[in-house]
Structure formats: C-alpha cells, structure tokens
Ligand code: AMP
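Just one chain is shown here, as structure tokens, and it is the form predicted on its own.
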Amino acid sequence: MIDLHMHSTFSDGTMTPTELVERAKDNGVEVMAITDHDNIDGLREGNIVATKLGITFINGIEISANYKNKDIHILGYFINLEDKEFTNWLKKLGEKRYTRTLKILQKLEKVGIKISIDEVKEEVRGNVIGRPHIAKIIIKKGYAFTMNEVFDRYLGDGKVAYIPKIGVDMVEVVERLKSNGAVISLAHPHLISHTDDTVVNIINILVEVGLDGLELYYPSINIKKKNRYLKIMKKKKLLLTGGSDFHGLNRAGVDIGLGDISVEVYKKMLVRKIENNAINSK
C-alpha cells in the first residue's frame, strides 16, 4: 500500500514529518511521499525516519499555481533537494504566500474579523503560512465552529476573504518541476473550480510542457468524474497517482493509507522517472 499525498507541520498539517512516517508505518504503508505546500523543508527529516522504519520515501511537494484566477495544485515527486535554482524559486513562492496572507487579513477585517499577522505566525509551526492557520484563529475567536464552516463562509474559493494565488502560472510550475527532474501529477483535478471542459483544457496544456500524471486515487472523487479523467489519462498516456491528502486534525475523516493504493502505482512512477532521465540526458 502507498500514500503519495500528505502534509506536515511544515505547511498546513498538524503532524511533524516524523509523526507522519510513524503513522504511515502503523497503517501499513510501504511507500509514502510528504507533499507540503510550496516547500521541501520537512523532507530530510521524513526520509531519515522512513529509512529507519523500512518505508520507501519519495521526496514530494504540492505547488500552488494559478489559471484564470483560480487555484491549480501540482504535485512533484522524486524532487532533487540539491537543486539550488529550484530551492531559490521556492523561496520566492513563500514571499508571495506571505503577501497573500496580508491581503486575506485585510479582507477579513472589512467583515469585522480582526487578526494580526503576528497571531498567524504564532499558529504556524513550519515556514509556510496557509489558510488553515488563519482558519484556526477564526475558530478560536468564535466566528465559526469548524474548518469547513470557515472555508464555506470566509476563505474558500469566491468567498468574502478569498484571495487567489496570483503570479504563479501553472505552466511555469510544471516547467520548474520538469527541470528539477520530478515526475509531475495534477493534484485532485475533480476539485479544480473551473468547468469540466476547462479542466480538460488545463490537462491538455500541461501535457504539452511535461505533465506525467493525474491524481485520480483520492478520497472524495466520484466515479463519474474519475472515469472521465481515466479516459483522458489513457489517451494521453499519463500515469495514475494518488494519496489521502492527509492534514492531521485539519481534515476530519481522512487517514494515511486511505484508499489502499497498490504499490504498482509507485512502480510505474519509478519507470517514468527513469524514462524522463533518459530523455533529459540526450
């Protein structure tokens, strides 16, 4: 069993990389990837613990991109941590996240919810600020009772305090990951808040610049959409990837290993990695 999508305290999860690996071991996971948002800071810790516990560990990341002012999430696997050009680019993404946070706080203040950037920083255990950190403070201040309520009323796509991640083009993200040597998958395409036809167009655009797969093993995907994307996957000769998208206490009802995904998925990704390397070395 594998799980190739989860988040630690280095982004918007509630477990450390060590705790994630230990939970994966307890849940019978043989291959795992930590895919924190826009950073790779927890990967070395996770790899060390996974090696000790006999789990195959993949260096992963989930990068937030933008297409027509809506969020697109792109997963990268087998990340080269020594790629300085890539890591410097990630630092710039972190600066954009910080700016976005300030804009979200300004919008919240306009609807009567005053939160300071220092309060948000106190909530963050890693180096990346995410909307769940702001959501926790909203709940603590009594403006909502659950994470779902916060996103439905304030922080979700199109809500009163929503700010899209402006300035990170999805094509640029794929190209950066490709130059790093990663195997690239479009995260949970069924959750992209564009029309179905636009999502198909997104896939077509990204395939042209190096997209390798679609994340179709996912807890909330319905069978109708999954079958539609499976047809596209086969036509475009894309990989099928998946994971739980585990965030710890920040996402109720989801656990590591959910979906019982076969190790064969990982093996096919590894073959694609080797094929990509051979093409790049020519």
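Start at 1 and count along the sequence shown; that's the residue number. Predicted model only: the values in this text are computed from it and were never measured.
Below: the form predicted together with adenosine monophosphate (AMP), not depicted.
Listed residues 80, 148, 99, 201 were compared with adenosine monophosphate (AMP) in the predicted bound form; 148 is the one with a heavy atom within 4.5 Å. Between 24 to 32, 46 to 54, 244 to 252, 228 to 236, the stretch whose residues reach within 4.5 angstroms of adenosine monophosphate (AMP) in the predicted bound form through a non-hydrogen atom is 244 to 252. Using a 4.5 angstroms heavy atom cutoff to adenosine monophosphate (AMP) in the predicted bound form, all of 12, 37 and 131 count as contacting. At least one heavy atom of residue 73 is located within 4.5 Å of adenosine monophosphate (AMP) in the predicted bound form. By the criterion of a heavy atom within 4.5 Å, residue 59 is excluded from the residues contacting adenosine monophosphate (AMP) in the predicted bound form.
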